[in-house]
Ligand SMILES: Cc1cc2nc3c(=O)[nH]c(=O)nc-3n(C[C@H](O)[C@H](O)[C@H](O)COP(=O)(O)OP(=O)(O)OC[C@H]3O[C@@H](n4cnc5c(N)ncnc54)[C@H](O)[C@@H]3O)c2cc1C
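The data below hold one chain only, encoded as structure tokens and taken in the form predicted on its own.
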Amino acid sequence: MDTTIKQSLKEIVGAENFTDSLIDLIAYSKDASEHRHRPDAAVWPVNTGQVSAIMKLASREKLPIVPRGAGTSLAGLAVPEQGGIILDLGRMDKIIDINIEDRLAVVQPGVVYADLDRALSPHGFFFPPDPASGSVCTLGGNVATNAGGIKGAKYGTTKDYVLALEVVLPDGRILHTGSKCMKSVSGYDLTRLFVGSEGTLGVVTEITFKINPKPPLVSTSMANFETLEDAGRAVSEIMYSGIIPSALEVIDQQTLIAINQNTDLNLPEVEALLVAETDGYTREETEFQMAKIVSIFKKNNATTTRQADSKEEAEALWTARKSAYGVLARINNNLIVEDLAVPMSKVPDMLRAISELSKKHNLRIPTVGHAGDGNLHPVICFDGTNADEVKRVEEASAELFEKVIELGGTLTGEHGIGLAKVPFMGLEHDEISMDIMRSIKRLFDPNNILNPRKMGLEE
């Protein structure tokens, strides 16, 4: 990168908010995925004006810009594939306003999910999407990926809560979308266009979220199933029973085995374990919902069911699900955490297909997921230094997503496309769809400087 450009960046953000040191660039060369590429520099803007000035400079010089939050992306979303400048928004971390009367929170993109949740808690409110990385991920990243989590079946994903955005466009102009109203159909819905756009259309610098009252009571239970089919039927029946659980999670046999090998939880190594949660405002309401779920578990041949009688017991039941990723990280040198979604009735078919792929390619592919909305996370564990194993991983991934689309599913439920799923975009989206998406990209970003190479948007 030219020294005059570096000097211009320092003048915009201050020397203390610029870096081109090797150790920083190596850190910024990766996110939580297996992808790697080093940037030329990184900056930490602290306000919208600085972001605008950076984008004007980048547009003039045709420099790649990659917006970044906490770097928790599992799809290579924050990897600077063409070098350029990392735009780290982590220092734009103010909660600007919490308005309980209007059920709104206004935040900068660097606010950590858990910090907003803590700020809302004394008011009896919460921000429902609840991603697994909530203790560290930023809300700007949640918007970029349309993040979801374990409460998606009942409460939806980030797109269901974004009311308005402030966005800096690739040429430096500042766009305001949406409103602070709960309902608005004025003009095109530009807000939704940016949610899930993975930082390819603009840089989000302020977000207005709808927030929800938090039900004070929860009930939790767990059930074991000897077959995936029984567990799948239970999930499907629960979701059309009139009861909508606040969480309904699945853990497969390979994951249970891995948990037992690395912890003292001593879980039954059945084909599937389901963890369910209901919430409400009265004990009667919450327990009625859970009783219905437990009866469906039993009707579909659950070998055992267990219901928590206290908060501590509920936390113990959740330990199995929440410990999965940490446990799987110990299995091998490398992990690819896939993210797919299928219609809820197809969850057992997808789980069976993953199990068969694991055997066919001699790979460990434990799976957990949000069964209540059909969102599964197969975790491919492998040794990246073994060329033969890497080849088998690539073959298994291709077959996995072919099966997903065959079952009427989608490539990603919440992690995004990033770099990881670019090769598979043509499976889900026909040429007309891809042409329209590329046209939108060219309209907003004619020089292709904003998060290039992501989402398969290059011709």
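Quick note: we count residues from 1 along the sequence shown, nothing fancier. Worth saying up front: this structure is predicted, and the values here are computed from it rather than measured.
Only in words, not in the display: the form predicted together with this ligand, which the text now covers.
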Contact residue in the predicted complex, chosen from 246, 177, 72, 289 - any heavy atom within 4.5 Å of this ligand: 72
Proximity to this ligand in the predicted complex, single hit among 422, 434, 400, 32 (heavy atom within 4.5 Å): 32
Complete contact of 68, 149 and 199 with this ligand in the predicted complex (any heavy atom, 4.5 Å): yes
Which of 379-387, 230-238, 124-132, 343-351 sits within 4.5 Å of this ligand in the predicted complex, heavy atom basis: 124-132
Contact flag, residue 137 vs this ligand in the predicted complex, heavy atom cut 4.5 Å: yes
Contact flag, residue 109 vs this ligand in the predicted complex, heavy atom cut 4.5 Å: yes
4.5 angstroms heavy atom contact with this ligand in the predicted complex for residue 325: yes
Residue contact check: residue 255 to this ligand in the predicted complex, 4.5 Å heavy atom: no
Contacts with this ligand in the predicted complex - residues in 439-458 whose heavy atoms fall within 4.5 Å: 451
